[in-house]
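One chain is shown next in structure tokens, namely the form predicted alone.
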């Protein structure tokens, strides 16, 4: 079912552009079926042209980044574009002031933003939900982005809302980022069905240490984040739930029965961007090297009869993400881990084995790390420190409300994942602690890859450090007058900090 993406602010638009580029490359490299393409793209008026439009709304209070994102899609030579009128910009930014974005620009642009969303909703046959991409440190992505999330909740209260939020560098990108981050988090915890946190610090370290990039740029970091997001949002076949260390097979969810990869019943053959590589020029993905911008986009045709001959993968991962991982209203914070993390030049010289990949991914979860390197292998789920010891009093094993493991590549359907079903990895009261899905297609040229999306207590450390900075600033009333200009007072700061402290305490008690 279609998902509408909202790119909010400078960070959200840059991340969204990387997301759609990565998604289109994977859909071109492997055949995921019509429904997978239809989830994030819609066909143009002339389906024979092969051009698709991203189901996206671009919003920023400065025009430069939005114009850059739209130009990047056009210049890529790929089979997709942004909507020609699906963007909202103004000529002055929010000055990194959360209250200006939320209380200032929010009411002013509400109707125009919802009108753009309404157009995309009406172009979808059945709305699945919204994916919001935004930063937490600035004014537009954080402040206005939060206001837009609130407006979506009011207008589309039955739709899923998932926020993918970029957590700022702890060294400081914006002087008032502790205020902005905590205001965003406190509001989204009530509005969103799930909040995926992407930490700039971790993305930078991944680029520098694992990708071998000497001076990582925001484009490099966005590429890492986009690849991780796509690895879980691409279709995958459910292997069922694991409860108490046992396996309970479950049927396909999200309407992914036989034939769902085809177009609507009675529809003509559709020109799809998804290509299955078969060697020679026929297997070259649209937009790959050698495809000139503006040339005719070619792809295979799928009819209802041909697609019904096999059982396709589940194409509603966003619904599964929310319903499985965020089933408890008090726990909405999600951490994304994806491996292997290596330079593209090293992939062809690497030997992949499932035991090695899953062993490292499991230890990443146990230690609470999002990097494949530098983990403490002495931390075990059953160690004494993994119980009720205070956070920071020695090594403490991570614990989650629920986990979703996605396996991609050769033999993904038969991999033994019993180690991830260890009851010590999740809270004792967890109803559905582990769900596993797979797809036999390679991802990012890797023969085998795995992603783990966890509702775990990884968020506690960053939240506590941000609270410490924010309380220090509030004690001296630093920059509070900028927020008072738009109607906020010290009591709003205190109430916000208290709500965020409650979030951290709930995860500590897991």
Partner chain sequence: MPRELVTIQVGQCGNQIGCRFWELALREHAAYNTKGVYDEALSSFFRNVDTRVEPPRNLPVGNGHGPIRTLKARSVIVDMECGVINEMLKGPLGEVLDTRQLVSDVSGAGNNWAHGHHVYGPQYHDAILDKIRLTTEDCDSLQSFMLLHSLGGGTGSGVGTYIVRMLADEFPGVFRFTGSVFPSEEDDVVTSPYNALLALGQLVEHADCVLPIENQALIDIVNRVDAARERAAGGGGAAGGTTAAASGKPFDSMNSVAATLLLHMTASVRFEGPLNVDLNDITMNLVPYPRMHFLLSSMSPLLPPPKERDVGRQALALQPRTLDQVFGEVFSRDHQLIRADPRNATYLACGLIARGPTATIADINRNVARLRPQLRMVHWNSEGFKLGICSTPPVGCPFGLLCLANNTAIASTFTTMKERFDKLYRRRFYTHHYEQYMDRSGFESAMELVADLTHQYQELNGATRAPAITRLRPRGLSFLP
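The model shown is predicted, which means the values in this text are computed figures rather than measured ones. Positions refer to the first chain, counted from 1.
Below: the form predicted in complex with its partner chain, not depicted.
Asks: Please tell me which of 382, 108, 157, 215 lies within 4.5 Å of its partner chain in the model of the complex, judged by heavy atoms.
Replies: It is 215 that has a heavy atom within 4.5 Å of the partner.
Asks: Looking at 172-180, 359-367, 226-234, 346-354, which stretch has residues with any non-hydrogen atom within 4.5 Å of its partner chain in the model of the complex?
Replies: Stretch with heavy atoms near the partner: 172-180.
Asks: Taking 4.5 angstroms as the cut-off for heavy atoms, does residue 22 touch its partner chain in the model of the complex?
Replies: No - in the model of the complex, heavy atoms of residue 22 and its partner chain never come within 4.5 Å of each other.
Asks: Residue 445 near its partner chain in the model of the complex, any heavy atom under 4.5 Å?
Replies: No, residue 445 is distant from the partner.
Asks: Any of the heavy atoms of residue 65 lying within 4.5 Å of its partner chain in the model of the complex?
Replies: Flag for residue 65 set to yes.
Asks: Should residue 204 be counted as a contact of its partner chain in the model of the complex, where contact means heavy atoms within 4.5 Å?
Replies: Close contact exists here: in the model of the complex, residue 204 approaches its partner chain to within 4.5 Å, heavy atoms only.
Asks: Does the trio 18, 320 and 323 actually contact its partner chain in the model of the complex, every residue with a heavy atom within 4.5 Å?
Replies: The answer is no; none of 18, 320 and 323 reaches its partner chain.
Asks: Would you give me the residues of 1-25 that have any heavy atom within 4.5 Å of its partner chain in the model of the complex, in order from first to last?
Replies: Sequence-ordered list: 10, 14.
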